[in-house]
Each structure stands twice: as C-alpha cells, then as structure tokens.
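Here we start with a single chain on its own, the form predicted on its own, put down as structure tokens.
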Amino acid sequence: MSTMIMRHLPALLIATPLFAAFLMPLVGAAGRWVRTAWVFLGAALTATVGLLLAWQVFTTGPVLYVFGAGDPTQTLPGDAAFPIRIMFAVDALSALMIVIASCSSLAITLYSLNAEARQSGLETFYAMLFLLVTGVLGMVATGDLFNFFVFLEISSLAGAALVAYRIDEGVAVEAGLKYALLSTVGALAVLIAIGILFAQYNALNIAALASRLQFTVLDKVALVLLVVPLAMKCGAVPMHFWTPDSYTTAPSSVTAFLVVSSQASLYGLFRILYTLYGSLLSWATFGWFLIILGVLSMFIGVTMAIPQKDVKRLMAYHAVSQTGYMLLGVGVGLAVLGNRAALEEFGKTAMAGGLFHIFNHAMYKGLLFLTAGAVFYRTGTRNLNKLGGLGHTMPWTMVFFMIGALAIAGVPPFNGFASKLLIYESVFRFSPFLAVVAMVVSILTLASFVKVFHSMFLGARRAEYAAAREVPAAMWVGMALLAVVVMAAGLVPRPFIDHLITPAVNALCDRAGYIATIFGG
C-alpha cells in the first residue's frame, strides 16, 4: 500500500486539494466543526503529499507520471506527437516550488481557521483556497505547456474570487476584477503562444518542444507572448500595477498565498527561458532582460513602499521589490550561462541566491502578511497613522513581525540575509554597481520596516485598542510555523542550500538532462 501511494504521489498532489475543494459545500452543510476538521485534514494531507513527492525527487531523482497509462512512470517515445496523455515531470526545481507551496499552504490554512471564522460564505472561501493551491501545484509539476495554461487559469480565477471575497464596499470587488481581467488577457497571450508552437511542431510537451524548436520568427513571437504575461503575473516592474490593489484588499491569508502563486509564474518564466528555449536564446540579451526587470522591481518597489500608510499596501510594494532580487540572481546566471568558467565561478551562486530567495521570500513575506492580518483582526484598521502601542497587548504578533521584518531587510541571522548574501557576492563579481543597488534597496527596506514597527507596536497604548489582545491559537500557530522556517533557514542555511537549492540550480541549468529524462535518454 505504501509503495502504491508513493508511486501515485504526482496524481495525489492534484487530487487531494481538488477533492477537498469539491466536497467543501457538502461538508460545510454538516456544521462548523465538521468544516473546520475537513479544511485542516485537506491542508495537512496536501502538504504531506507535496513534501513526500519532493523528498522522493531529492533522494531518487526526477519523477515522471503519465496520467491514464498502465505504467505511469513511462517515458515518451522519441517521435512523441499529439495526442499524448497528460504528463507531470517533477525535477528538483519543481520539487523546490512544491516544498514552498506545501509549507505555505499548511501554515496559511491553519491561520485562516480563526482569521476568517467571523466571515460568511466560508464553504466558498475554502473551496477557492484549495483550488488556488491546486493551480499552483499543477503549474510547477506539469511537463505540458497546455496543462500549464489550464493550471494558470485555475489559480487566476480562484485568486480573483478570493481577492474580492470581503467586498469591502466595492473596493475588493474592483481589485478582484482587475486581477481577473489582467490574468485573462495574460492567459490568452499564453494560449496563443501555445497554439503557435503546437501548429509548428505538433507537440505540447515541454521536452518535446524543446527538442524540436528551430527559433523561427513564429517561435520568437511565441517567446514574447509567454514571457510578458508571466513577468506580469510575478509582479515585475513595469507590469506590477495589479499587485498593490490585489495584495491589499484580499484577506491576509489569501495574500500570503498569492505571493506563492506569483512565484509559480516566476517558475514558469524561468522554465520557458532555460528549459524550453535554452541555448537558442542569446544568453546575454535575455540575462540582461531579467536583470533590468530585477533592478527596476527592486528600486521602484521599495521607493513606492516608503510613503504608504496602509500596512498591507506597503508590504505589497515590498513584495514587488523582493521579486527583483530573484530576477537579478537568476538573470545573472542566465547572462553567463554560455561562459562555463563564469557560470561555475559565480553564475550558479547567483542563481542559487535567486532561487533561495524565492523560498525565503515565501516564508517571511507570508509571515509579514499574516502579522498584518492579525493586527487588522484585533483593531479593524490597516492605517499606520491610527495604530500604535500594540506591543503591550499583542507581544507574540510583535515578535513574529520583527522576525519577518528583519528577514526581509536581510539582517543576520535571518533567512533573508542568507539568500541576499549569495546574491551580493556573486552579482558583485558580475557588476559591482548592481550589487551596490541591491544593498541600498535592503537599507531602504530596513528603514521602511522600522517605521512600520514603530507605528504599530511602540508607544503608549491607544485608548481605542486597550482591549486588544493576542490572536486566537490557530492564527498564532500559523505564524509560528513560518517563523520557525525563517529562523531555521537563517541560522543553518547550509542544509537548505545543499539539499534544496543546489539540486534546483543544477536542474534549471541542465536543459539536455531535462529532455533526456522525459525521453528516457
């Protein structure tokens, strides 16, 4: 039985949250406690399946799974053409993203059990949340471009519904519609690109396409149609305009996972550039494309965050800024990918810093959004000018906020420092100017969060919040889980780098190995 479960983990990765989502209305009718137990069980099982699958990949190598096949682990024939069955191809890079989504979804769902308990329509809320998790896990696990599009649409539609969940006098609905509209336009562009590639090569599998691409004019058009929407979905400047509204108005538990959803689009961007197109590209040109996006995102994000008075909007702009570090690190790796000496000397270290920052950012940014939600839960406001003195009555929330704030600013010994140090050291070898910009952005980030900490937690108690107290247990536990990971990855980063990040970097660089794995070479 155990062997059977392990063999079908890729299918269970999608089936578990889907099953939890589709039964949510029926379970919700049975009462609050049954619904709570079902939500917890669904989140725990989804995280368990995800972590087991990742462990399998990191210990035994890439996992292939062909849905509907007698032998789901079979490889594709060399002349694979449409139609073929849906295939999941989970390598170390996919496994890293699955670990991120699994850990985040469990902590966030636990937090939401208390955070959203006072809201109505919770059956719909949790159904959409499980669908969002399904979409993210499918995006990072599939080896098929069309199914990537399907899961992208699932995550986008579920995300739009969750952004608009609280209505908030129409503000949330407006943000949800903006998110849905931009996601739909982006997904349409992705679908057109997939159609262009399929019409030329009669294949949808990423490895099959990668082995046949000729880099024709149509292939270049498809590249643009894939890259631009995915850059928009990950919140990179100048395509970040949906991020502040959506992150601000969504419930904090949703916002924390929207960060992971954005990172799944970032994964898709890297997969397109490195695996699908690979050596057909001009490494320097597209490396600098990511670097420029990264620098713009870092600087504009942090400068837009500083004057904000709404704590979640401030954090949303910082999410844009932190995405810049990921783009910068991986962009430097892409820029030197054709130079073996430079790649081994500092290129892979830069990529490791970028990928490690994806992991770290999901943990500390999720923690920060949850602390903002905890403050809103007790005070009913996100306006920094109306807050103050909450450290007296919400000490644990204050501690969790401090951990997240010091991590995002890159202060040792928190996890943000571990990944930023890799980026600083490697990027400096590539361009000292870019390294200086990255360090200046970290200083501005620290200054911004010092202001937020002072505004929310220091000073005398405000009379209107004198009765405020620490948040309920489930919210506290959700924040604590993320805080533990933030501290662990900062205090002892080497196991994370050796066992999670380095294999992911090698998988991302090894285009030929990815193709050979799918075709059994």
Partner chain sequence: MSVNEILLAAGGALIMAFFSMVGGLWFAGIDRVLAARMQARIGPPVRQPFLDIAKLMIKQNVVPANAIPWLFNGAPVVALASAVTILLYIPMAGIPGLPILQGHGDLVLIMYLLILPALAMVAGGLAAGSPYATIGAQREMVTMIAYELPLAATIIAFAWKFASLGIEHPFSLATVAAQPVWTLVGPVGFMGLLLLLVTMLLVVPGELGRIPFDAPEAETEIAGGLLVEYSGRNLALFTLSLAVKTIVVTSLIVGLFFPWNLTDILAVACCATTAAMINLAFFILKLLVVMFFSVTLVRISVARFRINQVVDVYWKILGVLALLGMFLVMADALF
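Positions refer to the first chain, counted from 1. What you see is a predicted model, and the numbers here were worked out from it, not measured in a lab.
Below: the form predicted in complex with its partner chain, not depicted.
K.L.:
Just checking whether His454 would be counted as a contact of its partner chain in the model of the complex - the rule being heavy atoms within 4.5 angstroms.
P.N.:
His454: yes, in contact with its partner chain in the model of the complex.
K.L.:
Look up in the model of the complex whether Gly278 has a non-hydrogen atom within 4.5 angstroms of its partner chain, and give yes or no.
P.N.:
Flag for Gly278 set to no.
K.L.:
Should Leu458 be counted as a contact of its partner chain in the model of the complex, where contact means heavy atoms within 4.5 Å?
P.N.:
Yes - in the model of the complex, heavy atoms of Leu458 and its partner chain come within 4.5 Å of each other.
K.L.:
Even though its partner chain is not shown here, does Lys178 get within 4.5 Å of it in the model of the complex, heavy atoms only?
P.N.:
Although its partner chain is absent here, Lys178 would stay clear of it in the model of the complex, with no heavy atoms inside 4.5 Å.
K.L.:
Out of the stretches listed (246 to 254, 330 to 338, 362 to 370, 442 to 450), which one is close to its partner chain in the model of the complex, meaning heavy atoms within 4.5 Å?
P.N.:
Going by heavy atoms within 4.5 Å, the stretch is 442 to 450.
K.L.:
Note which of Leu182, Met239, Leu225, Met402 lies within 4.5 Å of its partner chain in the model of the complex, where distance is taken over heavy atoms; exactly one does.
P.N.:
Only one listed residue qualifies here, and that residue is Met402.
K.L.:
Just to confirm, with a 4.5 Å cut-off on non-hydrogen atoms, which of Val295, Ala187, Met398, Ala342 contacts its partner chain in the model of the complex?
P.N.:
Checked against the cut-off, the match is Met398.
K.L.:
Check for me whether its partner chain, as it appears in the model of the complex, comes within 4.5 angstroms of all of Met6, Arg32 and Leu64 - heavy atoms only.
P.N.:
Checked in the model of the complex: no contact with its partner chain for any of the three.
K.L.:
For the stretch 415 to 446, return the residues whose heavy atoms include at least one within 4.5 Å of its partner chain in the model of the complex, in the order they occur.
P.N.:
Heavy-atom contacts within 4.5 Å come from Phe417, Leu421, Tyr424, Glu425, Phe428, Arg429, Pro432, Phe433, Ala435, Val436, Met439, Val440, Ser442, Ile443, Leu444, Leu446.
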